[in-house]
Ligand SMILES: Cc1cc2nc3c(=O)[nH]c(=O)nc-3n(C[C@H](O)[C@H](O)[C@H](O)COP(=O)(O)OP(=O)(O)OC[C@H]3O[C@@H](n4cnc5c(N)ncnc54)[C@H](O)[C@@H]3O)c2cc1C
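Just one chain is shown here, as structure tokens, and it is the form predicted alone.
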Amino acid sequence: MRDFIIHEPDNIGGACSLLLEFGTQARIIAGGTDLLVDLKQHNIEISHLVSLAKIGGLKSITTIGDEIRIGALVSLNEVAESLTVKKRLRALCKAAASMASKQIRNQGTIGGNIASAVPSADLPPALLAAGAHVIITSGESERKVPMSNFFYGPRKTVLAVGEILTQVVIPSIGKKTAIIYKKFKLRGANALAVASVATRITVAGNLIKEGRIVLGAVAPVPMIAELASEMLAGQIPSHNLFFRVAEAAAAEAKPISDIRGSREYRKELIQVLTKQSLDEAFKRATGGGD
């Protein structure tokens, strides 16, 4: 790795100012689980690292009204083990717990997992299914961005130079609603998702009031399968319905072929994972929901 200077500001404003000053020659470092690999493999060449370690207020999980607010520096293990998150969004806990090894989960952060914008990242599909948004600050101001508008390509987000993702906000899920996250990986620890699905179902009486299916690792960004999701609204749940919706979700997927799996294999995985997650989401929603 080339030499670089590490900066350790003690407030968000200072961190944003450093990012503005050094521009493309600077990166934020939080857990460093992705960044350090990129530096070692010379995927990026920079001169400055801006550490967030000394900035207070980014390491807590709080509730404000019906919302859960998760600071960007909360570790993946803290997300996985949080009773607050588990009561509201078990799918996010499961997604976090499925990632890498415990040591890496202790180091990696929720903010880093999102902001790195890796297509196979585990947390974004569950957060998209929940209708979450992120808080982005430039030091002098902040803006709220829905997760559905945050990504626009592999490793590309709406974050501008001088901006930092500071919080993840999860709204109230509501009664009779369940969210399920499922993924397929090739081996145990450290395995990335070959394909993943987060499914949300809300029931009213004997009907599905609304549904949302989010696909991961099968498109340049985590994507909502819009057509498949629309097929659920107002329908009576059945094996046949869920099978057809799963087929539609697979048809909407846009995977590539790589060393971990072919395009065709990933589409088959999406169909299987979607069907399984729909079955589980419906059972949980009719049993009381998340």
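Predicted model only: the values in this text are computed from it and were never measured. We number the residues from 1 along the sequence you see.
The form predicted together with the ligand is left out here; the points below concern that form.
With the ligand omitted here, the record of contacts in the predicted complex names 101-109 of 212-220, 77-85, 101-109, 172-180, defined by a heavy atom within 4.5 Å. None of Cys93, Val203, Leu159, Val194 but one reaches within 4.5 angstroms of the ligand in the predicted complex through a heavy atom, and that residue is Leu159.
A heavy atom within 4.5 Å of the ligand in the predicted complex is found for exactly one of Ala253, Leu39, Ile224, Ile29: Ile29. Put simply, Ser116 is close to the ligand in the predicted complex: some heavy atom of it is within 4.5 Å.
Among heavy atoms of Ser229, none comes within 4.5 Å of the ligand in the predicted complex. When contacts are judged by a 4.5 Å heavy atom cut-off, Leu128 does not count as touching the ligand in the predicted complex. At a distance threshold of 4.5 angstroms between non-hydrogen atoms, Val134 is out of contact with the ligand in the predicted complex. Residues Ala115, Ser116, Ser120, Ala121, Asp122 are the members of 115-134 with a non-hydrogen atom no more than 4.5 angstroms from the ligand in the predicted complex.
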